[in-house]
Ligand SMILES: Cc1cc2nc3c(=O)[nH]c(=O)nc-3n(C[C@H](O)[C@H](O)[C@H](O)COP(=O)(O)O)c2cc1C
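Only one chain is given next, in structure tokens, and it is the form predicted alone.
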């Protein structure tokens, strides 16, 4: 499974593990792939704490950091965190706040213990720049990934100046082409099956189009990858690696609460929905009463990014901390792809990595066996 992109990074297999859990980052990197820490929702201080831990435990292996700098968002003209916070607070209607709080209260979700805690500025250039600065202090952090759109030119230049690689996700062909024109080192091409922010075109259709259009720029295939057969399909189309997120959510090392794990293992591939109800942009997640409530005609419409994310930050952290309380899972934010239907047990990251590679080899042998003698 070695590719030129693998060799450039110095990793054994082209498996890129997107995760919000530092333990998964370390485990996957030690198993021959590369863990990529999703930093959206972190403050610079929180990211420093996470990366300090990763640096201490990852040994000689490398990792990446994923953040989110959308091309357009409400308040993007603000140049300071204080100004952006004021603008966001002033822009969120009280009716939206009341509606969100009622959903949490009806589900029995406990309140956050410290009402004075500062809400993290997710999905803004103000926040993302600080996170990139913190990540680039770490020699073992070899790649920066932007989850939303082409990164600003100054960040691309900053990452290259530090000798690191920078890439971005793309759910549409034109976005991938824009990434290449901006000088990015790779593109993560995510089909609609993927969890989180993905486009509308299915992976099997989008991957080969993106690979052909980018003509040599490394493309990592994402969306709908949960076993070695699916990895082989991506590699057969010319992908330089695979980007996987959902499959690590139920790993032994993941920070998921028991109630979340139960939700993952009970869900089928038909139990996800693309919804704007948590971030303001369409993202795939487990459907529940929260996602359905924001879609009704008699309820508020989700606000633009980052207003909706700022509004729902408290809901996200409360439903994560109190995942097993009341009927919390009815309103919890569980971003995950359609491969959730393949998540039926708890495995260690090392075992997942081994299984993926063995399934890949078995599938390759099967295909080779179809050739005439």
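Numbering follows the first chain given and starts at 1. Since this is a predicted model, take the numbers as computed values, not measurements.
Beyond the structure shown, there is the form predicted in complex with the named molecule, which is absent from this document and is the topic of what follows.
Peer 1: Based on heavy atom distances of 4.5 Å or less, which listed stretch (173-181, 274-282, 239-247, 133-141) is in contact with the named molecule in the predicted complex?
Peer 2: Contact criterion met by 239-247 only.
Peer 1: Which residue, 199, 195, 228, 218, has a heavy atom that falls within 4.5 Å of the named molecule in the predicted complex?
Peer 2: By the 4.5 Å heavy-atom cutoff, the listed residue in contact is 195.
Peer 1: Tell me, out of 84, 147, 104, 256, which residue has a non-hydrogen atom within 4.5 angstroms of the named molecule in the predicted complex.
Peer 2: The residue in contact is 147.
Peer 1: Do heavy atoms from each of 88, 127 and 314 fall within 4.5 Å of the named molecule in the predicted complex?
Peer 2: No, none of 88, 127 and 314 comes within 4.5 Å of the named molecule in the predicted complex.
Peer 1: Using the partner position in the predicted complex, report whether residue 151 sits within 4.5 Å of the named molecule, counting heavy atoms only.
Peer 2: Flag for residue 151 set to no.
Peer 1: Should residue 222 be classed as touching the named molecule in the predicted complex when contacts are defined as heavy atoms within 4.5 Å?
Peer 2: Answer yes; at least one heavy atom of residue 222 falls within 4.5 Å of the named molecule in the predicted complex.
Peer 1: I'd like to know if residue 206 sits close to the named molecule in the predicted complex, meaning any non-hydrogen atom pair within 4.5 angstroms.
Peer 2: No, residue 206 stays farther than 4.5 Å from the named molecule in the predicted complex.
Peer 1: Quick check on residue 20: any heavy atom within 4.5 Å of the named molecule in the predicted complex?
Peer 2: Taking the distances in the predicted complex, the answer for residue 20 is yes, it comes within 4.5 Å of the named molecule.
Peer 1: With the named molecule taken in the predicted complex, which residues across 306-324 come within 4.5 angstroms through any non-hydrogen atom?
Peer 2: Result: empty, none.
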